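What follows is one chain in structure tokens, specifically the form predicted alone.
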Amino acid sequence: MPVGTGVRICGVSFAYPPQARRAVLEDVSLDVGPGEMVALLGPNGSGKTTLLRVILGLLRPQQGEVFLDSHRVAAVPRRRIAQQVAVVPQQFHMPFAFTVEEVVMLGRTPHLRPLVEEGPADRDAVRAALDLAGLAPLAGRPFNELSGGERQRVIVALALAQEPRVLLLDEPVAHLDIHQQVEVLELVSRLNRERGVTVVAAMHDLNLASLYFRRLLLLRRGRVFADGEPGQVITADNLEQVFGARVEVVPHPTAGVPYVVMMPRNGTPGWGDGLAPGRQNTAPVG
């Protein structure tokens, strides 16, 4: 069973372009232990996706270093990083009429020598990934004919076929319905639980992050604002300071983790008079 690799971020700062007045990331330090699941939270522009790209080595920070275990990412060959770190992007486009199995086989690319076709070990890895993602019955289906949730599971399976030690996810459920969101996050949780893979995910939905991740990192203007368990990070005060929105945080009815309830500014629903749908206004007329 693959064992997760630790990720260590030491005083990282990054700006687009380097001479920009305000950095997207400012002096970020973070230790993610092998096998941990960490969700990155924060408003748009807070640095979540940038931090994932820095971890992957696609962006070189102006200050600080990133390590996979004890190895500096900047000094590790790209092929070696691709053998250890897999990415599930927010959106994935396939311009060719590939089947599900062919798409998942792309995950074996970092392990193949140039001009050498996949072997039995590669095919075994793809079959295992399809089985784990519940996609074996769809192996021969064209990828572009699948539903949004099925496509996202295929991309997770592609990442599984890489046999990674670290899995990075960028808003993996942003465009899915609630059933598909749960389906994808259950798969990621199972991967972490059964294979010990380290997971770092940029998440938009605070409630889903609270349900599925044991550790949350809240970013504000490129800096770490809060880091800890859901109960330590998801508080009304923290969310008002970071998002500028008034919310209530209550216990989830079954899981007990923090659950965020949005609060209209005037205290009543935005669709009108404050009456629940279906209720009649019994106030006297005239």
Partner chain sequence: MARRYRLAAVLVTLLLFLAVAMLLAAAIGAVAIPPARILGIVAHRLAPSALSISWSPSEEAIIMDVRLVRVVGAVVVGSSLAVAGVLFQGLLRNPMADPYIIGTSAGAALGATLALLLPAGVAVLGFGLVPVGAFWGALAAVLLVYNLARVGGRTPVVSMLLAGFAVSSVLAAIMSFLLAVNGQLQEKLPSVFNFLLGGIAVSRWSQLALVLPLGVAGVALARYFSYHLNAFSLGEEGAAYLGINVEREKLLVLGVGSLLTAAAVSISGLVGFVGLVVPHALRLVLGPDHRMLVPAAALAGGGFLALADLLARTLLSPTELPVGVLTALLGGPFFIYLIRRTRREYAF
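Quick caveat, the model's predicted, so the values are computed rather than measured. Positions refer to the first chain, counted from 1.
From this point on, the text means the form predicted in complex with its partner chain, which you will not see here.
Using a 4.5 Å cut-off to its partner chain in the model of the complex, not one of G4, M37 and H71 places a heavy atom inside that distance. Residue A82 is the only one of A82, A136, V76, L176 with a heavy atom lying within 4.5 Å of its partner chain in the model of the complex. Contact with its partner chain in the model of the complex, defined as a heavy atom within 4.5 Å, holds for exactly one of N192, S210, Q181, Q162, namely Q162. Its partner chain is not drawn, but in the model of the complex it has a heavy atom within 4.5 Å of E117. Its partner chain is not drawn, but in the model of the complex it has no heavy atom within 4.5 Å of A121. With a 4.5 Å cutoff on heavy atoms, V249 does not count as touching its partner chain in the model of the complex; it lies far away. A residue is said to contact a partner when one of its heavy atoms sits within 4.5 Å of a partner heavy atom; L158 meets this definition for its partner chain in the model of the complex. Look at 128 to 136, 106 to 114, 197 to 205, 184 to 192: in the model of the complex, residues with non-hydrogen atoms within 4.5 angstroms of its partner chain sit in 106 to 114.
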